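This document starts with one chain, in the form predicted alone, laid out as structure tokens.
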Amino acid sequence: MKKKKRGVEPIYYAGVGIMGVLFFLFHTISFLKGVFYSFTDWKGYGDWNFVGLRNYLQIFKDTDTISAYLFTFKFAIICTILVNIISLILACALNSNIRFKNFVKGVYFLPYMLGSVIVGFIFNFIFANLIPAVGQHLGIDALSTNLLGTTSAIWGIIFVTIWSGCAFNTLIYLSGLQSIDTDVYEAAALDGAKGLRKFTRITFPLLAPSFTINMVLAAKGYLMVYDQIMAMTDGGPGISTTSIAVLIYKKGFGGGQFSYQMANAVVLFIVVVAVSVFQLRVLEKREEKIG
């Protein structure tokens, strides 16, 4: 007699159902309410009136909002590219027999365990106190001032963001490398493929799924960057490092622009979804060609 296939245990349905209900209550309902209030003049309290698309139209006239979007896109593009390049190099190094492998793993994985806010505060102290002290002691003018207080503050945030973001991306690439059949490399070696040629013709194409995941998740995360900026510069100096997420928080809760910034949040949501869908379509087509 054939054994009956075991169905999914009811406990799993219960667990997923509970999580779905909680997600709907604490996320979806709040999101839908936010979309509703973005069409009003509500200040977060008291009465409100419908204003139609006024809030959305104002976004394209607001110089602070446009500046925040430009900074956010610049930040996201630079970080997404650099974090994937560095993570891929790290993963390839860790997948080979290099010296001090465990030390390297600890260095890149430490910030992922600490969290972006803690890392941001640590580097805020380093940039504001330790580096200027060393620069003054060595007589190096470029290091004698707090980088986060200058117009180049974005590069300090980028450095910290990439360092703290490499761990997750490296793990994805590392798992992809370890899933590649060694027979492929043996066959390539017989054909004379070595070094960079082996990487570009074999390794990187076979890492297409990992590359897709990392590109989409990195771009999505950096378009919504908030923690590192609040911990390191609070959007300054001036508004030079104010991302759109920071602007929404500061002007929405601190500036009395609740409904207007809700419209801004809806636009950001649409932008993130559009960028993610575009990336998925382009990168999935690349995977199909490779396959």
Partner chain sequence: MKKRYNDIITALLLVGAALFILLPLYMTILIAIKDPSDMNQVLSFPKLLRLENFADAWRMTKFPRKFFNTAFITVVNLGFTIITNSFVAYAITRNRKKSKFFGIMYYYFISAMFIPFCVIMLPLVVQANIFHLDNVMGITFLYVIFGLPMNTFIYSGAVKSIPIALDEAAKIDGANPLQIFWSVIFPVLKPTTATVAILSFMWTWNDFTMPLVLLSDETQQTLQLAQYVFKSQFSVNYNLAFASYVMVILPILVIYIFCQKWIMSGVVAGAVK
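As the structure is a prediction and not an experimental result, all values here were calculated from the model. If you superpose the two forms and keep the largest set of C-alpha atoms that fall within 1.5 Å, you have the rigid core. Positions refer to the first chain, counted from 1.
Separately, the form predicted in complex with the partner chain exists; it is not shown, and the next lines address it.
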Heavy atoms within 4.5 Å of the partner chain in the model of the complex: which of the stretches 77 to 85, 199 to 207, 162 to 170, 182 to 190 has them?
162 to 170
Partner-contacting position among Met215, Ile158, Leu177, Ile122 - heavy atom within 4.5 Å of the partner chain in the model of the complex:
Ile122
Given that the partner chain is not shown alongside this chain, does Ile154 nevertheless sit within 4.5 Å of it in the model of the complex, heavy atom to heavy atom?
no
Non-hydrogen atom contact Trp42 with the partner chain in the model of the complex at 4.5 angstroms:
yes
So, Tyr112 and the partner chain: in the model of the complex, are they within 4.5 Å at any heavy atom pair?
yes
My question is simply whether Ala219 lines the interface with the partner chain in the model of the complex - judged by any non-hydrogen atom within 4.5 Å.
no
Residues from 239 to 253 in contact with the partner chain (non-hydrogen atom within 4.5 Å) in the model of the complex
Ala245, Ile248, Tyr249, Gly252, Phe253
At a 2 Å cut-off on C-alpha positions, does Phe278 qualify as shifted between this form and the one not shown after fitting the rigid core?
no
Take the rigid core as the frame of reference and indicate whether the C-alpha of Phe26 shifts by 2 Å or more between this form and the one not shown.
yes
Cα displacement of Phe269 between this form and the one not shown reaching 2 Å, rigid core superposed
no
